[in-house]
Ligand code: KQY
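Encoded as structure tokens, the following chain is the form predicted alone, with no partner shown.
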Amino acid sequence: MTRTMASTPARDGFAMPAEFAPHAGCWLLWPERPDNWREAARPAQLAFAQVAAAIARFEPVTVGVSTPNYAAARALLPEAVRLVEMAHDDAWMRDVGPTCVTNERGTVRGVDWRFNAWGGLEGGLYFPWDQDEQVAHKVLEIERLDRYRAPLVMEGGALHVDGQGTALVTEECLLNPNRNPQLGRAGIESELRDYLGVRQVIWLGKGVVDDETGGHIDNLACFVRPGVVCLTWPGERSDPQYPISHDAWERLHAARDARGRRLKVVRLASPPPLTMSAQEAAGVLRHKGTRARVAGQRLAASYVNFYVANGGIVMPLFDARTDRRAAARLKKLFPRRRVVGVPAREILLGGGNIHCITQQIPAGKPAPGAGRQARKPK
């Protein structure tokens, strides 16, 4: 039985480990809604299945799927992928799933953030979101991990940590009044210290241009290892992303991490600007309360939106002209991991990418009395 803890992770000696630390496994949700995914989500389902298969080469994978779509998902997913019936509103497990924390003994618990579909009734992407609001708790129940229910409206894609006390976030997202209007910068930092166990929060400005999540950090920058940050970088100075990435570059160089170190910043070139075609937009059903897909809208493509698996990097493929260069850079950044590319345009059309649809469970064990141990990585 999963317990809901009355304390906070920091008070109990827990902190969020870096994504490059060992995993027990990875969770995804199955894309289903026809008002976000074109052609009744069939192309997106094929892409998600490829991502699940790629990650399953390195660590256990679980996919949550609604009852009506169970048989179709089972037919597309490899046998090694565990499939679990789970109601959900859309497929962004990074944002609706739990953010896990660990302590020095290797005990794993989960933080269950409050979720309002990236803005609620003031800029949110769909309504209702009540099923997504329950996903993190369900995952923790299945994994037999104890739970902290955080007071913050927050998404996992809005956070990156180095595993040594430093968090990376953006002002555009975390200071948006459609998330936590009662809190200012200092209040949000206090909550992040309590629920992530960090000591230093580094604030960047805006996220990737036209990122409909409101500027998530996971599309802009991430920690490669403590003291090293990977930053998305446009190919042309005329690109509207250039001043945003340049501002982030300057902030990162001016910052210090929780251990007082200066940061090394590595640029990861973006693909050329990508836009939604008329045919792609026409394949998405219009529905009241859901953001419309429009031909010609810019897609927030970034190679930074990759997943770090045990021994592997699963990266999005966007454009043959830039995919190979991005893969080479990631291989240099992660020399001990195998870089695997997955065609990801169909995921991008839905508003995110590989990091956005995945959520890792750290290696370790549940709290005493919480039930069976989390699965160990292969």
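No experiment lies behind these values; they were computed from the predicted model shown. Start at 1 with the first residue shown and count on from there.
Beyond what is shown, the protein has a form predicted together with 6-aminohexanamide (KQY); the following relates to that form.
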So in the predicted complex, are 25, 149 and 360 all sitting within 4.5 Å of 6-aminohexanamide (KQY), heavy atoms only? no
So which of 47-55, 344-352, 309-317, 63-71 is the stretch with heavy atoms within 4.5 Å of 6-aminohexanamide (KQY) in the predicted complex? 344-352
Considering 6-aminohexanamide (KQY) in the predicted complex, which of 194, 212, 141, 239 comes within 4.5 Å of it through any heavy atom? 212
Only one of 109, 160, 293, 88 comes within 4.5 Å of 6-aminohexanamide (KQY) in the predicted complex by heavy atoms, so just point that one out. 293
Considering only heavy atoms, tell me if residue 303 and 6-aminohexanamide (KQY) come within 4.5 Å of each other in the predicted complex. no
Using heavy atoms and a 4.5 Å limit, would one call residue 125 a contact residue for 6-aminohexanamide (KQY) in the predicted complex? yes
Contact between residue 16 and 6-aminohexanamide (KQY) in the predicted complex at 4.5 Å, heavy atoms? no
Those residues of 214-244 which, in the predicted complex, come within 4.5 Å of 6-aminohexanamide (KQY) by heavy atom: 216, 218
